[in-house]
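Below you will find one chain, with nothing else, as structure tokens; this is the form predicted on its own, and questions on how it binds or moves follow later.
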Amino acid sequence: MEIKKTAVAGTLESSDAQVTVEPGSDGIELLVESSVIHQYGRRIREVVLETLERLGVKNARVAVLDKGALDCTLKARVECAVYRSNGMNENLPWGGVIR
């Protein structure tokens, strides 16, 4: 899936994450800021990259501002931002439907 325009999903509330996706041209450029970066930074990166791969995103700039979100929340925020960047707002294939 192509990132067509900048899109944001999530909040900056505790236990959430704000994910911003922008069009990119040379692979995935990922920036992660987190209140728990030292404990979970590697896992946050893994979850975001795995979700982008599942969605077929090859080129994008992605920024994650994490406030202690669980894996399922990170996945949902990445999916939502990618769908919004494509103008998708109906019949969305959430969660495990995407392979």
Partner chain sequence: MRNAVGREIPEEILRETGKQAFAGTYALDGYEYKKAAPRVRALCDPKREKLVGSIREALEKCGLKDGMTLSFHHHFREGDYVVNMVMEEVHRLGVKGITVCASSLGKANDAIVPYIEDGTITGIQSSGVRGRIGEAISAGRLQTLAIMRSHGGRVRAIETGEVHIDIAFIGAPTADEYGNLRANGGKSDCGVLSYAMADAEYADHVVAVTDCLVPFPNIPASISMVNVDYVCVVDAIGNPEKIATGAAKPTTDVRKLMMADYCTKFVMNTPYFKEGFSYQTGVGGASIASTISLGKIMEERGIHMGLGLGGITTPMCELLAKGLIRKLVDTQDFDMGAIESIKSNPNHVEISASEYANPFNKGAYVNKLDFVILASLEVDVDFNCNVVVGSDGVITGAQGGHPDTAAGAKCTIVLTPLLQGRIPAVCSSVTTVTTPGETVDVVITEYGIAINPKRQDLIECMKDVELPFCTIEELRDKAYAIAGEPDPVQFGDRAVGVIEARDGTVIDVVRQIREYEFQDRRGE
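Just so it is clear, the structure is predicted and the values come from calculations on it, not from any experiment. Residue numbers count along the first chain shown, from 1.
Keep in mind that the form predicted together with its partner chain is not shown, yet the notes after this line are about it.
Taking non-hydrogen atoms only, I28 approaches its partner chain to within 4.5 angstroms in the predicted complex. Not displayed here, its partner chain is kept clear of L65 by more than 4.5 Å at the level of heavy atoms in the predicted complex. Not displayed here, its partner chain is approached by I44 to within 4.5 Å at the level of heavy atoms in the predicted complex. At the 4.5 Å threshold, heavy atoms of V57 stay clear of its partner chain in the predicted complex, well away from it.
If you take 36 to 72 and check each residue for a heavy atom within 4.5 Å of its partner chain in the predicted complex, you get V36, I37, H38, Q39, Y40, G41, R42, R43, I44, R45, L49, G68, A69, L70, D71, in sequence order.
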